[in-house]
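Only one chain comes next, encoded as structure tokens, the form predicted alone.
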Amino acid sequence: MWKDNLRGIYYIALKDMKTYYLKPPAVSWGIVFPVAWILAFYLRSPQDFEKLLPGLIAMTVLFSTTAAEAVVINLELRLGSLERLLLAPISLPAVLLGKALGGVIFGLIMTGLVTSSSILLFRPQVNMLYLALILLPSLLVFSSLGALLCVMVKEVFEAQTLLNFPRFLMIFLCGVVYPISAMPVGLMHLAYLLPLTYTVDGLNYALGINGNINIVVDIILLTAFIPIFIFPAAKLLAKRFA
């Protein structure tokens, strides 16, 4: 059974990449959004732009992994094509993992473009091992978060609206544009409950900037967020077909 699940996860992700993620609207969104934020960040503080790179990369991870999740999952739930996948010898959690993996791959492509461009332009001191160890669990976390929020609602526009709340909350609370250490105590505690905080902190270490926590702690906590999001999403999806 596990071989069937692995095969199913692979082909579901491959199908989603061809059907949704590699289409011009998704690719243009994945490119235009980071470029717009790069310009906004640069115009805000040209001299200190290198210090903003971790937040920029973290934000690219967040938006690129969740951008098409609402369309992929909710559209297929509405059309019934997701239900037809269950006719194959594959479990429901494997179907959900296949959907999440599509977001991970697309996010990796978009984040890779932004990260490599930033490194070439600004030449920060990069620890490639730290970078990989932070980006991979971060991509899985936010793709799983997107899947969880999407199965909580029925329509695509509802999913898009629901996704925007945690995304913009994390942008302003997780050290992307404003340091957590300068926030009120209550907001600091809230920030440490959000996964993007650990992505930004880990990217600080990876790009040669002092972080506030610890790179090992960042990796462990990001990894812990994955089952926190993916298991409830699988249960909610199972209720849809009960």
Partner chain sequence: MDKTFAIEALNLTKYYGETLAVDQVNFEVRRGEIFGFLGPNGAGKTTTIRMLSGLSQPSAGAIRVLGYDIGSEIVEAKKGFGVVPEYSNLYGELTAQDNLIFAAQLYGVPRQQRKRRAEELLETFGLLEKKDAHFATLSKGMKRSLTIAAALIHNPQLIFLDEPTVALDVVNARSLRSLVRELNRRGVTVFLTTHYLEEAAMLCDRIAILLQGRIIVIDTPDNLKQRVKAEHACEVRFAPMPTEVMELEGLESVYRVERSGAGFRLYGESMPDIVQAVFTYASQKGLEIVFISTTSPTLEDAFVQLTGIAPEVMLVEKGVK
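The shown structure was predicted, so the numbers you read here are calculated from the model rather than taken from an experiment. Positions refer to the first chain, counted from 1.
The same protein also has a form predicted in complex with its partner chain, omitted here; what follows describes it.
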| query | finding |
| --- | --- |
| Heavy atom within 4.5 Å of its partner chain in the model of the complex - residue from 221, 12, 226, 234 | 12 |
| Contact stretch among 108 to 116, 121 to 129, 90 to 98, 158 to 166 - heavy atom within 4.5 Å of its partner chain in the model of the complex | 90 to 98 |
| Residues 4, 81 and 241 all lining its partner chain in the model of the complex, heavy atom within 4.5 Å | yes |
| Touches its partner chain in the model of the complex: residue 153 (any heavy atom, 4.5 Å) | no |
| Distance check, residue 85 to its partner chain in the model of the complex, heavy atom within 4.5 Å | yes |
| Stretch 7 to 26: residues contacting its partner chain in the model of the complex, 4.5 Å heavy atom cut-off | 7, 8, 11, 12, 15, 18, 19, 20, 23 |
